[in-house]
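First, one chain by itself in structure tokens, the form predicted alone.
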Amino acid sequence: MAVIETTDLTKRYGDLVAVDRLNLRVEEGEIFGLLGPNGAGKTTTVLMLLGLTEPSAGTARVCGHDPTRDPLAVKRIVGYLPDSVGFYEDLTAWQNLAYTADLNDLPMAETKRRIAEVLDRVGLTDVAHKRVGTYSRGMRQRLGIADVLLKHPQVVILDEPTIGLDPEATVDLLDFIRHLARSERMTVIVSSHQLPQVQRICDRVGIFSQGKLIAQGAIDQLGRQLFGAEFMLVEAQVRPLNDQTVTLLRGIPGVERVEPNRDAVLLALSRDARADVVRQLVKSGVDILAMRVRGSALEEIYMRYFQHA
């Protein structure tokens, strides 16, 4: 079922076309990534989906509701986490969430239960009564997720959710977002410049350029459209690197081309077959000294589409 659907959605500011005839469909339980540089139209699209700005033309539907005609219905079922999360620094996490619950007219008995539930889910129960001014960036992001989850949304929109986080906190947050989508059939929209992170969790992506959606689909699908059978290059240092090893690698599904040289072997993949490559090499007694991707597939796809645009 389409949770978000737009038809020729357009937004103009005078002569500037911020969003140009956007046709987008996001399914229930899907994690969809919005990609593009500043000014590409991502934020304006999000604002129209939230009912915070009116389109100049076209239509949008969020869970069957028109954000322009019925913005309150949309706000009840959509949670939004902006790139800069704002909380009252001198209040505790519990007090900040209680304020949000009051704004959403939640009964007090329900408020206490939900706050305890969401704080537990984001791992902040032990610091629930500490002032938010003492929180790290990662803790604030988790509190932002808790704030979004407080009203049990059907759709969650996250704007640069991992900006400013250290690598460990980033992985934890991305894994948590993916768990939410899978365990609760929650639809998640992620707007981000961090391409490796988008690739880690998103089922499909949409690439924006100058207000237009120039490509959308699963990353593997987009890669095949652009590069044919080869869209990921992996360099591996293995020992021994001989004819038997090369033959083994050529027989792994997803490995389209094998180019050995003195120090390493270059693999052209039609899918992310790195786990299969490692598994087969280890099983055959081949030592893997190093493996690296020559630019992630999504980065290559992203840059190639912008070259075409």
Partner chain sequence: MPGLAPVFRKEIADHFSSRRFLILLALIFIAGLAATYVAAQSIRDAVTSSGAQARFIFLLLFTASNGQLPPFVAFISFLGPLLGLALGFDAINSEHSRGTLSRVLAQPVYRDAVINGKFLAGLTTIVVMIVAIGLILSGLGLRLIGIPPTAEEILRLTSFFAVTAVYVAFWMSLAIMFSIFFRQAATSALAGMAVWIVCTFFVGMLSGIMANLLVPLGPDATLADVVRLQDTQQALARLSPVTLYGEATFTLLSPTARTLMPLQLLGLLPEARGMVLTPLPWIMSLQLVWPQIVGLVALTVVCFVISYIRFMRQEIRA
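Residue numbers count along the first chain shown, from 1. Since the model is a prediction, treat every value here as computed from it, not as a measurement.
Unshown form predicted in complex with its partner chain; subsequent notes refer to it.
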May I ask whether Arg114, Thr187 and Arg204 all come within 4.5 angstroms of its partner chain in the model of the complex, judged by heavy atoms? no
Of 274-282, 28-36, 238-246, 45-53, which is the one stretch near its partner chain in the model of the complex, taking non-hydrogen atoms within 4.5 angstroms as near? 45-53
Heavy atom within 4.5 Å of its partner chain in the model of the complex, from candidates Pro107, Gly164, Pro82, Gly123, belongs to Pro82
Interface residue in the model of the complex among Ala218, Val171, Ile214, Leu103, criterion: non-hydrogen atom within 4.5 angstroms of its partner chain: Leu103
Its partner chain contact in the model of the complex: Gly86, any heavy atom under 4.5 Å: yes
Using a 4.5 angstroms cut-off on non-hydrogen atoms, would Arg200 count as touching its partner chain in the model of the complex? no
Does Asn96 make contact with its partner chain in the model of the complex, using a 4.5 Å heavy atom cut-off? yes
Is there a heavy atom of Arg178 no more than 4.5 Å from a heavy atom of its partner chain in the model of the complex? no
Taking its partner chain in the model of the complex, which residues along 136-168 bring a heavy atom to within 4.5 Å of it? Asp147, Lys151
